[in-house]
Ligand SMILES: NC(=O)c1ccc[n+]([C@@H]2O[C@H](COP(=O)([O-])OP(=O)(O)OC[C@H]3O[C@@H](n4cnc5c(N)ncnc54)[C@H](O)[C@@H]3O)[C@@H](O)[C@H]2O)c1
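This document opens with one chain alone, in C-alpha cells, the form predicted on its own.
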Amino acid sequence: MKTPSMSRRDFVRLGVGAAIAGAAAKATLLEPVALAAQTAVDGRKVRFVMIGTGIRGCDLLRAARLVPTGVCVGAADLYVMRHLAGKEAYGADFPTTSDYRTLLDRKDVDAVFVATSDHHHRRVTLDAVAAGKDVYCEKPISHSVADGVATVEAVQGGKRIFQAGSQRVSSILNKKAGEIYKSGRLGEVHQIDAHINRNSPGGAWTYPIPPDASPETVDWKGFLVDAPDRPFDAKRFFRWRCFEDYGSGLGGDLFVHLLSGILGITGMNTVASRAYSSGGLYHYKDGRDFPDMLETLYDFPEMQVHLHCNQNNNDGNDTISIYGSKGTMVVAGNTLTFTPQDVTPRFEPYGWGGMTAAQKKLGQDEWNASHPAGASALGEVESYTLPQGYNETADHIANFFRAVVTREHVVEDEVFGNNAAIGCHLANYSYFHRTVATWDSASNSIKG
C-alpha cells in the first residue's frame, strides 16, 4: 500500500501539537497571601459561639485557632461529651451548654457558627438573626427549599452578615482557577464534570457511636425538634447524614461542595433550570434513606454540569473538570492544571474522502493558500499546587470575621449558599421521584 505523502507545511502543523502534548508542564507553587482578613480592624476581635461540636464543629474550631481575629466564647451541643471535645479542639476553656439559645442571649457574642445537622440550620440561623448576631452556617444552609427561602429573607431583613460554610470558595487554588476562567483563556465553556468519591465506612457516614450514648447523655427531644417523633436511636443521632429526616445525603454533603466550587470559579451564581438524577443504594444497606451512588446532570445557562459521587470507590477523588473550546482546566485535590486545546488550523482530509484525488488536491491547495504555516499561538501546560499545610477553612473563617467587623460583603453570602443548596434539593427530588426536577424561580419551588 502506498504511504500517503505529507507536505512540510503539514509536518510543521502536526509537529507543533505533538511537541506541546509531550512538553512538561510549567509548575507553580501557590503562595498564600497574608490575608487582610486576618488583621484585626481597630484591634477588635470577633467573639463567636459554636453551635454543634461534632465532627464538623470541631474541625471549625481547630481552623479558628489559626485565625487571630476571632475568639470562641462558648459552645453548645446536644451530646454532653462533645462539650469537652469542643474545648479540646479549640485548645481553650469556655462555657458550654445543651441549649444553644442561652448563648444567643449574651450581649458579648458577635457571631454564631452553625455546625448542626441540616434540619437544625434554619431554626438556629433564624434564632441567631433575631438575636442580632451574624451567622456562619455550614453547608447546605437548608434542609429544604422552604428553609432556604426563609433563611435568605431573615438574613436580609435583619441586615446581618451571613457566610455559607463551603470553604473551597475561599481557597487560593479556586481563586486561581477563577482568574483563569475569567481571563477567557478557556474559550467557550459548555461542559463541566465534577465528582467526589469515597471508599470507606467513614466516608459513607458510618461514624462511631460512643458507648455512653443514651437518653441520659443525648438530648434526643432537642435533636428531633420538628422531625418525626420516634424512640431514642443513637444511630440516627450520630449518623444523621444517612437519614432524610435530618440530613441531605450525598447532595447535601458533597454535591454542595462541588457546586459551590463551580459557582465560585465561573461566577455563575444561579440555580440550574433542570436536573436529572440516577443512582442507587448498592452497598450500605443499613437502614439509611439515601443512595451511596448518585449522579446528576444539571442544565445551567448555555452549560451542562455533571456531578457524580460514589461511596464504593475513591479513584480520582475530588475533581472539577472544566472543558472549554481553547483549553481544559482541572482542579484535582491540591493541584490545578490548565491544558490548552490544540486548535492549530489543519487541512482535514476525512471530509474529502468521497471525492476524487484531483478534487482533494485542489481543496488542499486552496486551503494551504489561505492558511500560511506559521508559529502556533498555543501556550504551555500550567499547573498550580497548594503549599503543604495550607488550610482553606481558616481563610474562609478569616473572611467571615473581617466582614463581621467591617460590614463588607462576604465571599459566600446567603444567596450564593442558597443557590448551591437548591442544587442539592433538585438532585434529591429527581432521585426520589424518578423524574426530571425543574426549578420554578417564580414560586421558589421544584416542579416534577
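The first residue of the sequence shown is number 1, and the count goes up from there. For clarity, every value in this text was computed on a predicted model and none was experimentally measured.
The same protein also exists as the form predicted in complex with the ligand; that form is not shown, yet it is the one meant from here on.
Shown alone, this chain has one stretch from 323-331, 174-182, 286-294, 240-248 that lies within 4.5 Å of the ligand in the predicted bound form by heavy atoms: 240-248. Proximity to the ligand in the predicted bound form, defined as a heavy atom within 4.5 Å, singles out one entry of H308, R82, H143, K133, which is R82. Checked against the ligand in the predicted bound form, the residues Q167, Q163, T125, S277 give one hit for a heavy atom within 4.5 Å, which is Q167. Interface residue remark: A115 is counted as part of the site for the ligand in the predicted bound form, having a heavy atom within 4.5 Å. Residue contact with the ligand in the predicted bound form: G423 places no heavy atom within 4.5 Å of it. When the ligand is considered in the predicted bound form, H195 lies well away from it, no heavy atom lying within 4.5 Å.
Contact check for R65: no non-hydrogen atom falls within 4.5 Å of the ligand in the predicted bound form. Residues are counted as partner-facing when one of their heavy atoms sits within 4.5 Å of the ligand in the predicted bound form; in 127-144 these are E138, K139, P140, in sequence order.
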